[in-house]
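Below, in structure tokens: the form predicted on its own, a single chain.
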């Protein structure tokens, strides 16, 4: 009989400052079973959206689900309502939504990559990655007025246009940022220390990704060609150079590289969108009340984000249902841990870029 130890990971852990709790049973430091608790910060946002707030206000409420991907939550909600009410959004507004959405993906992915570098003990790379992420935060503030929780999209369009001066600044700084992100990508791809630390660790096979319905970068790193940007027509990604990034390793190394290449593609899409920004209105008036059901899937930085809304000609919706990517990825994480050395747990968890603010909302 080996040395059996119970090890709690969270709800607060130095590697993961998010309130999720894993309880590992180990034998000779190898994990034999795990229990997961994700319910520490439940805030009742869905209930509030269908009891306290008018449907025109809900977009601003769901932006508070998460500070990192607030535009994804608002975008999913307003798109679901627009489809329900048959609102035709101006093309310029769709392009502006795409620009903010992809900039948000860049800063979120850089955060995830920097965090993974920190867990691997690569403090300098962590600091550099966060330093370059700061550029994106400044651009988002310039464009939307806020560093986080932008309140940019609204039912019928967007709340703020981009001026020629802001567009010029965005393009100049994106050019600088692309060079820095190319350097980061090269480090994550070619550094021997990182390769030895991450290659073959925390492997999600393509079969596992299918069986457990894995979403986002972890799915694409496992070879699964799934991305709401390619599968659902909610923004004009095909007009600005979208490319799906897919790898086959399914390990920590490939999950980081998927994010690194997606950062470069997102910058390229934002540049193309700014160059071909349509003229016209940024918002149309919305009349009537929502009646019926609608659902939307959008690609948040962590993967598929699902929104369902139901209305019955009232100012307050009957139902608002949200499914977030981290919730979808927890089952495969649990499966992955069985048989793993406990020392690999922190890096594996962080490589999934979990968000409990979204999950427990």
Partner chain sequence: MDLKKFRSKSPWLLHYNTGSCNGCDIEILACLAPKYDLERFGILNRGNPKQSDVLIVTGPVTKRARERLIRLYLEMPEPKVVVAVGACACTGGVFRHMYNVLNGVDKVIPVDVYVPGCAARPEAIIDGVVKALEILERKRKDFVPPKVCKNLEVKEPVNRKFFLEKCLGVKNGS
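Computed from a predicted structure; not experimentally measured. Residue numbers count along the first chain shown, from 1.
There is another form of the same protein, the form predicted together with its partner chain; it is not shown, and what comes next is about it.
Undergrad: Within 4.5 Å, heavy atoms only: does residue 43 come near its partner chain in the predicted bound form?
TA: Contact with its partner chain, yes.
Undergrad: Residue 336 near its partner chain in the predicted bound form, any heavy atom under 4.5 Å?
TA: Contact check for residue 336: no, nothing within 4.5 Å of its partner chain in the predicted bound form.
Undergrad: Is residue 53 part of the interface with its partner chain in the predicted bound form - any heavy atom within 4.5 Å?
TA: Judged by the heavy-atom cut-off of 4.5 Å, residue 53 is in contact with its partner chain in the predicted bound form.
Undergrad: Looking in the predicted bound form, any heavy atom of residue 305 within 4.5 Å of its partner chain?
TA: No, residue 305 sits far enough from its partner chain in the predicted bound form that none of its heavy atoms falls within 4.5 Å.
Undergrad: The chain here is shown without its partner chain. Which stretch in 307-315, 60-68, 321-329, 27-35 comes within 4.5 angstroms of it in the predicted bound form, by heavy atom distance?
TA: Among the listed stretches, the partner-contacting one is 60-68.
Undergrad: Could you tell me if all three of 134, 146 and 355 have a heavy atom no more than 4.5 Å from its partner chain in the predicted bound form?
TA: All three within 4.5 Å in the predicted bound form.
Undergrad: Only one of 239, 191, 138, 176 comes within 4.5 Å of its partner chain in the predicted bound form by heavy atoms, so just point that one out.
TA: Spelling it out, the residue with a heavy atom inside the cut-off is 138.
Undergrad: So which of 209, 111, 257, 89 gets a non-hydrogen atom within 4.5 Å of its partner chain in the predicted bound form?
TA: None of the others qualify; the residue that does is 111.
Undergrad: Taking its partner chain in the predicted bound form, which residues of 107-133 have any heavy atom within 4.5 Å of it?
TA: In sequence order, 107, 111, 126, 127, 130, 131, 133 come within 4.5 Å of the partner.
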